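The form predicted on its own is given below as one chain in structure tokens.
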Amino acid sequence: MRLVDRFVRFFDQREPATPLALVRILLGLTTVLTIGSVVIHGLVPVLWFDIADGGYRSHPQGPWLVQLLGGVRPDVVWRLVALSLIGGTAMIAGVGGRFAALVTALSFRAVTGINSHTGGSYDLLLSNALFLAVLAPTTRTLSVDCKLRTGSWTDDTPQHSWVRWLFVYQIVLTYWTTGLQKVSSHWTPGGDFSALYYILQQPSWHRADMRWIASAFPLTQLGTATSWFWEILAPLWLLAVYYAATREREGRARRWFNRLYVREIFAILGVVFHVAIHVFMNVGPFSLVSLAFYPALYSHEELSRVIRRFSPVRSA
């Protein structure tokens, strides 16, 4: 029971909702960019309409919400697209609280689930994140809701922080399971770590001709090995975030994790990997949605210290 009590006390802690608000803003931005890019390029009919209405394939079923609204018809698709954009914009602004997150999650999942040929795991990850946002008080601060409620854009009133740990768990689980699935000799020790090189030679993945990367093959090997170990060891990241949140407690492992900045090393590598992926590879919004989780790795106090440090206006 002592362990259960510690578990309950830890997840019953409260803090200002700044990390959750930043996650909300980034998730809304990712949703708008993802759906908006399809609209801007005129691909909504091609990707999500039935072949009878101008799409390139037949969609006899569609997700449950699409069926509930009348099936894969142009008017249904456009309504879901509009709801996704409106909901994402509302999340960026911080309007509508949990309801806005729910509308965004349902409409985004419905429209991107129409055509299984045009989506990817990044759509599922974004959908999961949006549903987590439904559980969180994400508009308590840094939002229009906060401005209307308090007269200020920020509110440091403590809120339940357990949802922040769900975001942390989700992104760590995503990285870890991704690494576990990379079992070919091109990825794992004992092989030649050539996976990244071959990926960058495939037109379906790269953004431009990458034949020049052959002259830097050892660098691609280093990138392959580093990313694989980073993903496989992702559970240590979860432990590092926990140790950082409980640094006042005793323990040799806790002291060393914090002293060696294990959490920060994992985060910096993640940012570097995702920026490189976004620049060189065409994998949809994977990098954007993944980075949207990162504010949850830090508490309100830690984020506030960073903001104060880089703020152009400092108190005397």
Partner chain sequence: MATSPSKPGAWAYVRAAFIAFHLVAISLMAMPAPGGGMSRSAWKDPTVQAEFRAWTDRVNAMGADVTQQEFEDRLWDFATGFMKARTKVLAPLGPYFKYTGAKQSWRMFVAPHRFPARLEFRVRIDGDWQTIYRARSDEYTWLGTELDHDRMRSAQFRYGWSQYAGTYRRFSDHYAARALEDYPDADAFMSVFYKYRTLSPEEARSGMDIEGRYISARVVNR
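What you see is a predicted model; the values in this text were computed from it and never measured. Residue numbers count along the first chain shown, from 1.
This protein has a second form, the form predicted together with the partner chain, left out of what is shown; the following refers to that one.
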Quiz item: Which among 137-145, 69-77, 83-91, 208-216 is in contact with the partner chain in the predicted complex, heavy atoms within 4.5 angstroms?
Solution: 208-216
Exercise. Using heavy atoms only and a 4.5 Å cut-off, decide whether all three of D123, F131 and Y198 touch the partner chain in the predicted complex.
Key: yes
Quiz item: Can you pick the one in A253, I51, I268, L260 that has a heavy atom within 4.5 Å of the partner chain in the predicted complex?
Solution: I51
Quiz item: Would R57 count as a contact of the partner chain in the predicted complex, using a 4.5 angstroms cut-off between non-hydrogen atoms?
Solution: yes
Quiz item: Would L47 count as touching the partner chain in the predicted complex under a 4.5 Å heavy atom rule?
Solution: yes
Quiz item: Even though the partner chain is not shown here, does W187 get within 4.5 Å of it in the predicted complex, heavy atoms only?
Solution: yes
Quiz item: Could you tell me if F229 has a non-hydrogen atom within 4.5 Å of the partner chain in the predicted complex?
Solution: no
Quiz item: Out of 22-47, which residues reach within 4.5 Å of the partner chain in the predicted complex, heavy atoms considered?
Solution: T34, S37, V38, H41, L43, V46, L47
